[in-house]
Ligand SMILES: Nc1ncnc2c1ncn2[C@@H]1O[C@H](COP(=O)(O)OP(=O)(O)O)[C@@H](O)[C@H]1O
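Taking the form predicted alone, here's one chain by itself in C-alpha coordinates.
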(Lines give C-alpha, C1' and ligand atoms only; values in the text may rest on other atoms or scores of the structure.)
Protein backbone atom coordinates (compact mmCIF):
# COMPACT_ATOMS: atom_id res chain seq x y z
CA UNK A 1 0.00 0.00 0.00
CA UNK A 2 1.27 3.48 -0.87
CA UNK A 3 1.35 5.98 1.99
CA UNK A 4 2.18 8.74 -0.49
CA UNK A 5 1.12 8.81 -4.12
CA UNK A 6 1.90 11.83 -6.28
CA UNK A 7 0.57 11.95 -9.82
CA UNK A 8 1.64 14.43 -12.52
CA UNK A 9 2.27 17.25 -10.03
CA UNK A 10 3.16 20.64 -11.50
CA UNK A 11 3.49 23.78 -9.39
CA UNK A 12 4.53 27.42 -9.84
CA UNK A 13 5.03 30.01 -7.08
CA UNK A 14 2.95 33.21 -7.44
CA UNK A 15 5.84 35.47 -8.48
CA UNK A 16 7.79 32.87 -10.50
CA UNK A 17 8.09 32.80 -14.28
CA UNK A 18 8.64 29.03 -14.48
CA UNK A 19 7.29 25.91 -12.81
CA UNK A 20 9.33 24.75 -9.83
CA UNK A 21 7.81 21.25 -10.03
CA UNK A 22 7.13 19.72 -13.43
CA UNK A 23 5.02 16.60 -13.95
CA UNK A 24 6.30 14.86 -10.81
CA UNK A 25 4.96 11.38 -10.12
CA UNK A 26 6.12 9.40 -7.11
CA UNK A 27 4.91 6.54 -4.93
CA UNK A 28 6.24 5.84 -1.44
CA UNK A 29 5.12 2.62 0.19
CA UNK A 30 4.05 2.37 3.81
CA UNK A 31 7.10 1.98 6.05
CA UNK A 32 9.52 3.00 3.31
CA UNK A 33 12.29 5.58 3.67
CA UNK A 34 12.52 7.60 0.46
CA UNK A 35 15.50 9.93 0.16
CA UNK A 36 15.19 12.93 -2.16
CA UNK A 37 18.47 14.35 -3.48
CA UNK A 38 19.51 16.94 -6.03
CA UNK A 39 21.23 20.25 -6.52
CA UNK A 40 20.02 23.41 -4.78
CA UNK A 41 16.93 24.76 -6.52
CA UNK A 42 15.92 21.40 -7.97
CA UNK A 43 12.54 21.41 -6.20
CA UNK A 44 13.19 19.18 -3.18
CA UNK A 45 11.78 21.47 -0.47
CA UNK A 46 8.80 22.41 -2.63
CA UNK A 47 8.03 18.71 -3.05
CA UNK A 48 8.10 18.39 0.75
CA UNK A 49 5.70 21.31 1.06
CA UNK A 50 3.37 19.70 -1.47
CA UNK A 51 3.24 16.49 0.59
CA UNK A 52 2.35 18.42 3.74
CA UNK A 53 -0.32 20.42 1.89
CA UNK A 54 1.39 23.82 2.07
CA UNK A 55 1.30 24.37 -1.68
CA UNK A 56 -0.77 26.03 -2.81
CA UNK A 57 -2.75 26.65 0.39
CA UNK A 58 -0.03 28.55 2.24
CA UNK A 59 2.34 29.60 -0.52
CA UNK A 60 -0.45 30.11 -3.12
CA UNK A 61 0.48 29.80 -6.78
CA UNK A 62 -0.71 27.53 -9.59
CA UNK A 63 -0.90 23.77 -9.17
CA UNK A 64 -2.09 20.75 -11.13
CA UNK A 65 -1.91 17.04 -10.46
CA UNK A 66 -2.68 15.08 -7.31
CA UNK A 67 -1.00 14.41 -3.95
CA UNK A 68 -2.51 11.62 -1.85
CA UNK A 69 -1.39 10.83 1.70
CA UNK A 70 -2.95 7.67 3.10
CA UNK A 71 -5.47 7.91 0.28
CA UNK A 72 -6.54 11.47 1.09
CA UNK A 73 -6.08 14.42 -1.26
CA UNK A 74 -4.01 16.95 0.71
CA UNK A 75 -5.14 19.76 -1.60
CA UNK A 76 -8.72 19.20 -0.44
CA UNK A 77 -7.98 18.61 3.24
CA UNK A 78 -7.50 21.41 5.76
CA UNK A 79 -3.81 21.93 6.63
CA UNK A 80 -4.58 21.19 10.28
CA UNK A 81 -6.13 17.84 9.35
CA UNK A 82 -3.17 16.90 7.16
CA UNK A 83 -0.82 17.79 10.04
CA UNK A 84 -2.42 15.02 12.10
CA UNK A 85 -1.08 12.51 9.58
CA UNK A 86 2.10 14.18 8.31
CA UNK A 87 4.85 15.23 10.70
CA UNK A 88 7.38 17.75 9.41
CA UNK A 89 10.94 18.39 10.60
CA UNK A 90 12.62 21.62 9.50
CA UNK A 91 16.23 22.03 8.46
CA UNK A 92 16.85 24.46 11.34
CA UNK A 93 15.68 23.24 14.77
CA UNK A 94 15.25 26.90 15.84
CA UNK A 95 12.27 26.94 13.47
CA UNK A 96 10.85 23.75 14.96
CA UNK A 97 11.08 24.57 18.67
CA UNK A 98 8.02 26.41 19.93
CA UNK A 99 9.87 29.07 21.93
CA UNK A 100 7.24 29.13 24.70
CA UNK A 101 8.35 26.16 26.82
CA UNK A 102 10.98 26.16 29.56
CA UNK A 103 12.07 22.52 29.39
CA UNK A 104 12.51 19.72 26.87
CA UNK A 105 9.79 17.74 28.64
CA UNK A 106 7.34 20.62 28.17
CA UNK A 107 8.40 20.96 24.52
CA UNK A 108 7.50 17.34 23.82
CA UNK A 109 4.21 17.68 25.69
CA UNK A 110 3.22 20.95 23.99
CA UNK A 111 1.71 19.51 20.80
CA UNK A 112 -0.20 16.82 22.69
CA UNK A 113 -1.63 19.41 25.07
CA UNK A 114 -2.89 21.43 22.09
CA UNK A 115 -4.66 18.32 20.83
CA UNK A 116 -6.41 17.84 24.17
CA UNK A 117 -4.72 14.55 25.02
CA UNK A 118 -5.31 13.40 28.61
CA UNK A 119 -2.48 14.33 31.02
CA UNK A 120 -1.74 10.72 31.95
CA UNK A 121 -1.43 9.78 28.26
CA UNK A 122 0.80 12.80 27.62
CA UNK A 123 3.12 11.75 30.43
CA UNK A 124 3.26 8.17 29.16
CA UNK A 125 4.02 9.16 25.57
CA UNK A 126 6.57 11.81 26.44
CA UNK A 127 8.45 9.49 28.79
CA UNK A 128 8.39 6.72 26.19
CA UNK A 129 9.69 8.91 23.36
CA UNK A 130 12.39 10.50 25.52
CA UNK A 131 13.61 7.01 26.36
CA UNK A 132 13.49 5.76 22.78
CA UNK A 133 15.32 8.81 21.43
CA UNK A 134 17.78 8.87 24.35
CA UNK A 135 17.17 12.48 25.36
CA UNK A 136 16.21 11.86 29.02
CA UNK A 137 19.31 13.77 30.14
CA UNK A 138 17.83 16.94 28.58
CA UNK A 139 14.35 16.68 30.12
CA UNK A 140 14.69 19.66 32.50
CA UNK A 141 16.90 21.83 30.27
CA UNK A 142 15.81 24.85 28.25
CA UNK A 143 15.62 23.74 24.58
CA UNK A 144 17.43 26.91 23.51
CA UNK A 145 20.37 26.11 25.79
CA UNK A 146 21.13 22.88 23.92
CA UNK A 147 23.64 22.41 21.11
CA UNK A 148 22.42 22.31 17.52
CA UNK A 149 22.61 18.53 17.39
CA UNK A 150 20.76 18.17 20.69
CA UNK A 151 18.09 20.59 19.50
CA UNK A 152 17.56 18.60 16.32
CA UNK A 153 17.12 15.42 18.34
CA UNK A 154 14.53 17.20 20.49
CA UNK A 155 12.79 18.49 17.36
CA UNK A 156 12.58 14.95 15.96
CA UNK A 157 11.31 13.62 19.28
CA UNK A 158 8.68 16.39 19.49
CA UNK A 159 7.34 15.29 16.11
CA UNK A 160 7.62 11.57 16.81
CA UNK A 161 5.60 11.89 20.04
CA UNK A 162 2.63 13.09 17.94
CA UNK A 163 2.51 9.60 16.40
CA UNK A 164 1.77 10.53 12.79
CA UNK A 165 2.07 7.85 10.12
CA UNK A 166 4.13 9.91 7.66
CA UNK A 167 7.19 12.08 8.30
CA UNK A 168 8.74 14.63 5.95
CA UNK A 169 12.26 15.60 7.06
CA UNK A 170 14.04 18.42 5.23
CA UNK A 171 17.86 18.36 5.53
CA UNK A 172 18.00 17.69 9.29
CA UNK A 173 21.80 17.36 9.46
CA UNK A 174 22.92 20.21 7.19
CA UNK A 175 24.28 22.21 10.14
CA UNK A 176 25.55 19.31 12.26
CA UNK A 177 28.93 17.70 12.90
CA UNK A 178 29.53 13.98 12.17
CA UNK A 179 28.65 12.76 15.69
CA UNK A 180 25.43 14.80 15.82
CA UNK A 181 24.58 13.55 12.33
CA UNK A 182 24.93 9.95 13.53
CA UNK A 183 22.71 10.73 16.55
CA UNK A 184 20.00 12.18 14.31
CA UNK A 185 20.12 9.21 11.96
CA UNK A 186 19.73 6.83 14.88
CA UNK A 187 16.37 8.50 15.53
CA UNK A 188 15.49 8.22 11.85
CA UNK A 189 16.37 4.52 12.06
CA UNK A 190 14.03 4.29 15.05
CA UNK A 191 11.24 5.93 13.06
CA UNK A 192 11.78 3.45 10.25
CA UNK A 193 11.77 0.50 12.64
CA UNK A 194 8.45 1.77 14.04
CA UNK A 195 6.96 1.41 10.55
CA UNK A 196 6.76 5.11 9.77
CA UNK A 197 6.83 6.31 6.18
CA UNK A 198 9.63 8.83 5.71
CA UNK A 199 10.48 11.29 2.95
CA UNK A 200 13.97 12.61 3.68
CA UNK A 201 15.80 15.43 1.90
CA UNK A 202 19.51 15.04 2.63
CA UNK A 203 22.92 15.76 1.10
CA UNK A 204 24.98 13.24 3.10
CA UNK A 205 25.09 10.33 0.70
CA UNK A 206 26.82 7.90 3.06
CA UNK A 207 23.81 8.01 5.37
CA UNK A 208 21.37 7.80 2.46
CA UNK A 209 23.15 4.71 1.15
CA UNK A 210 22.94 3.14 4.62
CA UNK A 211 19.34 3.96 5.53
CA UNK A 212 17.22 4.62 2.43
CA UNK A 213 15.00 2.07 0.69
CA UNK A 214 14.51 4.34 -2.31
CA UNK A 215 16.47 7.28 -3.71
CA UNK A 216 14.89 9.93 -5.91
CA UNK A 217 17.09 12.38 -7.85
CA UNK A 218 15.53 15.72 -8.79
CA UNK A 219 16.77 18.16 -11.39
CA UNK A 220 15.02 21.36 -12.50
CA UNK A 221 11.75 20.34 -10.88
CA UNK A 222 11.62 16.83 -12.32
CA UNK A 223 12.42 13.34 -11.06
CA UNK A 224 15.25 12.18 -13.32
CA UNK A 225 16.45 9.05 -11.49
CA UNK A 226 14.68 6.69 -9.10
CA UNK A 227 15.57 3.35 -7.55
CA UNK A 228 17.40 1.64 -4.72
CA UNK A 229 20.62 3.28 -3.46
CA UNK A 230 22.60 0.67 -5.40
CA UNK A 231 20.70 1.37 -8.62
CA UNK A 232 20.90 5.15 -8.38
CA UNK A 233 24.49 5.55 -7.18
CA UNK A 234 25.80 3.16 -9.82
CA UNK A 235 24.09 5.15 -12.59
CA UNK A 236 26.67 7.21 -14.54
CA UNK A 237 24.08 9.98 -14.93
CA UNK A 238 24.61 10.94 -11.26
CA UNK A 239 27.59 13.04 -12.33
CA UNK A 240 25.46 14.83 -14.89
CA UNK A 241 23.00 15.82 -12.15
CA UNK A 242 25.79 16.87 -9.74
CA UNK A 243 25.08 14.08 -7.24
CA UNK A 244 28.00 13.37 -4.93
CA UNK A 245 28.45 9.61 -4.65
CA UNK A 246 29.06 7.90 -1.29
CA UNK A 247 32.74 7.81 -0.44
CA UNK A 248 32.83 4.02 -0.67
CA UNK A 249 31.43 4.14 -4.18
CA UNK A 250 33.98 6.75 -5.24
CA UNK A 251 36.81 4.58 -3.86
CA UNK A 252 35.44 1.58 -5.73
CA UNK A 253 35.36 3.55 -8.97
CA UNK A 254 39.02 4.53 -8.50
CA UNK A 255 39.94 0.91 -7.83
CA UNK A 256 38.05 -0.10 -10.94
CA UNK A 257 40.24 2.27 -12.96
CA UNK A 258 43.25 0.35 -11.61
CA UNK A 259 41.86 -2.89 -13.01
CA UNK A 260 40.09 -4.27 -9.92
CA UNK A 261 36.83 -5.77 -11.11
CA UNK A 262 33.50 -5.25 -9.34
CA UNK A 263 30.36 -7.16 -10.26
CA UNK A 264 28.42 -4.25 -8.75
CA UNK A 265 29.55 -1.01 -7.16
CA UNK A 266 29.31 -1.00 -3.34
CA UNK A 267 27.53 1.93 -1.68
CA UNK A 268 28.13 1.23 2.03
CA UNK A 269 31.21 0.45 4.13
CA UNK A 270 29.99 -3.08 4.79
CA UNK A 271 29.43 -3.79 1.10
CA UNK A 272 32.85 -2.36 0.23
CA UNK A 273 34.66 -4.52 2.78
CA UNK A 274 32.78 -7.66 1.73
CA UNK A 275 33.41 -6.96 -1.97
CA UNK A 276 37.14 -6.34 -1.51
CA UNK A 277 37.45 -9.44 0.67
CA UNK A 278 35.74 -11.50 -2.03
CA UNK A 279 38.02 -10.09 -4.74
CA UNK A 280 41.27 -10.46 -2.79
CA UNK A 281 40.37 -13.72 -1.08
CA UNK A 282 40.91 -12.24 2.38
CA UNK A 283 38.97 -13.48 5.38
CA UNK A 284 37.24 -11.40 8.00
CA UNK A 285 40.45 -11.10 9.98
CA UNK A 286 42.13 -9.51 6.96
CA UNK A 287 44.38 -12.56 6.42
CA UNK A 288 44.60 -14.26 3.06
CA UNK A 289 42.53 -17.41 2.85
CA UNK A 290 44.44 -20.62 2.36
CA UNK A 291 43.21 -23.02 -0.26
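Numbering follows the first chain given and starts at 1. In this text, all values refer to a predicted model and were calculated from it rather than measured experimentally.
Not pictured, yet referred to below: the form predicted together with this ligand.
Contact between residue 32 and this ligand in the predicted complex is not found at the 4.5 Å heavy atom cutoff. This ligand is not shown here, and in the predicted complex it never comes within 4.5 Å of any heavy atom of residue 52. In the predicted complex, this ligand lies farther than 4.5 Å from every heavy atom of residue 101. This ligand is not drawn, but in the predicted complex it has no heavy atom within 4.5 Å of residue 27. The stretch from 36-44, 229-237, 255-263, 66-74 that comes within 4.5 Å of this ligand in the predicted complex, counting heavy atoms only, is 36-44. Along 56-90, a non-hydrogen atom within 4.5 Å of this ligand in the predicted complex is carried only by 59.
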